[in-house]
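One chain follows as structure tokens, the form predicted on its own.
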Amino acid sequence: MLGLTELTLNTPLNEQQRDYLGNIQESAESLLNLINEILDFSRIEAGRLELSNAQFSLRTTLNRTAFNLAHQARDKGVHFNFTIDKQIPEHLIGDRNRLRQVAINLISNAIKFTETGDVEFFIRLVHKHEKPCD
């Protein structure tokens, strides 16, 4: 599924089609990550969990995640706001999948336990390392 989605994204598409396929790709990656999370439990128990240390786009990763969760909020009648501070660099180094996992858990729980009103997810810069982590 991921491979075919990637191949299709490399063809001429209109903006709506590209957006839909991006969401399909994000959902497929989330399912794959769920399977990996289940496998990680055994790694955690064995003390062998390793985090990825790769460059990724925070905005791309979390915008797709937030878009998918916004549907969940809308279906429940809750208003969802998502903001990334402009001071945060476009590319970060770290574990994109773990970050997405944390965001999904936080936002999903906030939506689940909010009966009326707003759920706000704001990412701000607290500290910036001048050199990439090794």
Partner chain sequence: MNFEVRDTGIGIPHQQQQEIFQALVQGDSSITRRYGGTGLGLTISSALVQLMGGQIHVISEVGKGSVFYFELDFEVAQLQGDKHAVAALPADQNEPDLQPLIILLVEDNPMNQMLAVKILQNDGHTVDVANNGLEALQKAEQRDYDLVLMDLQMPVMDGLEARRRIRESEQQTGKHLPVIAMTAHALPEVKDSCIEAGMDDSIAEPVRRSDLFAVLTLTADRFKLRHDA
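Just so we're on the same page, rigid core means the largest C-alpha set that superposes within 1.5 Å between forms. Numbering follows the first chain given and starts at 1. In this text the structure is predicted, and so the values were computed from the model without any measurement.
Although not depicted, the form predicted together with the partner chain is the subject of the following passage.
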- Query: Would residue 89 count as touching the partner chain in the model of the complex under a 4.5 Å heavy atom rule?
  - Reply: yes
- Answer yes if any heavy atom of residue 114 is within 4.5 Å of a heavy atom of the partner chain in the model of the complex; otherwise answer no. yes
- Answer yes if any heavy atom of residue 46 is within 4.5 Å of a heavy atom of the partner chain in the model of the complex; otherwise answer no. no
- Message: My question is simply whether residue 24 lines the interface with the partner chain in the model of the complex - judged by any non-hydrogen atom within 4.5 Å.
- Response: no
- Query: If you look in the model of the complex, which residues in 57-86 sit within 4.5 Å of the partner chain (heavy atoms)?
  - Reply: 58, 59, 60, 62, 63, 64, 66, 67, 68, 70, 71, 74, 79, 80, 82
- Query: Can a Cα shift of no less than 2 Å be assigned to residue 11 between the shown form and the other one, given superposition on the rigid core?
  - Reply: yes
- residue 42 C-alpha relocation of at least 2 Å between the shown form and the other one, rigid core basis: yes
- Evidently the Cα separation of residue 8 and residue 90 changes by 3 Å or more in the model of the complex, so the atoms lie farther
- Message: Since the Cα-Cα distance for residue 26 and residue 75 shifts by 3 angstroms or more in the model of the complex, is it a contraction (closer) or an expansion (farther)?
- Response: closer
